[in-house]
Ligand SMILES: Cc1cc2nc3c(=O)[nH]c(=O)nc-3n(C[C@H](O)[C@H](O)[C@H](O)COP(=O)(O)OP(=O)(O)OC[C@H]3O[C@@H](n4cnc5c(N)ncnc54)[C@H](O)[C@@H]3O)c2cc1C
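Presented as structure tokens, the chain that follows is alone, the form predicted alone.
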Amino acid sequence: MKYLSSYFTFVTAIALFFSFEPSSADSHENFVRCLYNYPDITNTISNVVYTQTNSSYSSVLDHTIENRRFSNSSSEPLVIVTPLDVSQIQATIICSQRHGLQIRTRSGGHDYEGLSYVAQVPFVLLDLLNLRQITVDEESRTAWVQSGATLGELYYSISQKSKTLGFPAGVCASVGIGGHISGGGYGLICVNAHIIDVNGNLLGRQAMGEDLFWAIRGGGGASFGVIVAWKVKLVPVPSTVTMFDVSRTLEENATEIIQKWQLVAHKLDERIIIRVDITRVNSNKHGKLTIQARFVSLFLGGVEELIPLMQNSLPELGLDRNDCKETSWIGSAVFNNALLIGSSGNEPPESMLNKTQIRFGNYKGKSDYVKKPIPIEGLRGLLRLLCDAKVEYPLVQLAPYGGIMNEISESEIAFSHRSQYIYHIHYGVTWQEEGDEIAQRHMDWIRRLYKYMEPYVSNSPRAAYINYRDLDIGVNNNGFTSYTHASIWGLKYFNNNFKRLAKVKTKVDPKNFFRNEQSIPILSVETIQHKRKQLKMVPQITLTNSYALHILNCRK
């Protein structure tokens, strides 16, 4: 990408100039002073630095907070930096370390637990909202996209260059690229990236090495540095695709159709995906609460091909031509996003550019993976829990796996959830009312739902998806965390890839600067504890031994 060429600086020399030993006595004023005096900054940084006394601080902080559960948090950043270029990110990383402040990096603000903008320690929010450049190369079928851009902006940019290229990612247009790709594991279609490491070095794929490039595709980028941009491979799509959104209630045999969907969804033609959104609605026939299942599909082809395919594989749905809408690939992105924000789906492609079009309210999410179909009685119990009138907006979403997911090994990239699962479950609950008691009622409900599902989903570990972050499954200690402790949650997200992620983390960020409640741990603490135990078992080695002293002083 051209914008990178002017930002390569001698950051190693700069690093020697600065001291990296954090001092708790340093204030955020000293951090800001460090930024203003930092050498080799391309643009004036004072225009993108917001302290809590700045009149624009609250509006900048609130701009992309999608989960209102954290909008009034007392754990706000001391300083917000909205960099315009790489040099300002480098300065923020170096000065934060010098003055004992942590960094939280925000792309689109959709982190389910607010970890990209909330912390229990003094921190700086590095908000990438100004880094949204997208360059599409139709000839090579690739695109460079900066981490502050949204999925909608990427989809729109692709559509302006080609009607027969697309990018397979999420359905919510306002989600930020940075967090989505680094947690989503878009491995084989991400061919390069630019990351700024703990020393302020800007690294491409070759410079960072294949281990780090492996880790940031699915391992969550925030543990390893600040990912500035991704180079993604675009995929061919037909000029005409077909969408449908068909709803069935309990009275219309929704339970039985879901049961059949479990058997076939992961085995369907690779050109089609059918997800199921299950929620509570008012029954048109009886005027009382019932459960509705929405079957939402994208088919890479025309309706004449789709109808016989559905008749053969899922005739129970009763799909009709009138249920279907032929459109372009960008039209399908508009259609999917409209289902989330409650619009018509007939908006122009420019609607994808609205970065703040969705506000969920207060929200809590969780996730699961399924290896074999849930028996019908299990489904009925799940649907009964959704009927609880004490919660405002419950949702369970079923997303099928299969297709190319089965063709990639779980160790190919950090994202490990592959052929062992037939579909993924996303649980969510949203509420608009405020108050601790109301919040607790909704949190208790989704935890009860999650507990109920335990016999029907994966186990040892009970797998989870990092982009539906859930602190209920485990958190790091406040400070440094051993690999064993972090494994409580880490194995759920990454399974057998977690140990390799920790090795990469130890190599690229040995002092664990980039950390949060669920960041990848370093292995050093675990190694020290193990060696301490060994020392206690060997009486002839005492603390006067220079090696023993070295081990005891290795604490990070």
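Quick note: we count residues from 1 along the sequence shown, nothing fancier. In this text, all values refer to a predicted model and were calculated from it rather than measured experimentally.
The same protein also exists as the form predicted in complex with the ligand; that form is not shown, yet it is the one meant from here on.
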query	finding
Stretch from 258-266, 308-316, 240-248, 218-226 whose residues place a heavy atom within 4.5 Å of the ligand in the predicted bound form	218-226
Within 4.5 Å of the ligand in the predicted bound form, all of T92, R98 and V124 (non-hydrogen atom)	no
4.5 angstroms heavy atom contact with the ligand in the predicted bound form for Y468	yes
Contact label in the predicted bound form: L340 to the ligand, heavy atom within 4.5 Å	yes
Contact flag, A333 vs the ligand in the predicted bound form, heavy atom cut 4.5 Å	no
Contact flag, L154 vs the ligand in the predicted bound form, heavy atom cut 4.5 Å	no
In the predicted bound form, the residue from Q88, S116, S297, S367 that sits within 4.5 Å of the ligand by heavy atoms	S116
Listed residue (G166, G179, P77, P394) with a non-hydrogen atom within 4.5 angstroms of the ligand in the predicted bound form	G179
Residues within stretch 84-114 having a non-hydrogen atom within 4.5 Å of the ligand in the predicted bound form	T105, R106, S107, G108, G109, H110, D111, Y112
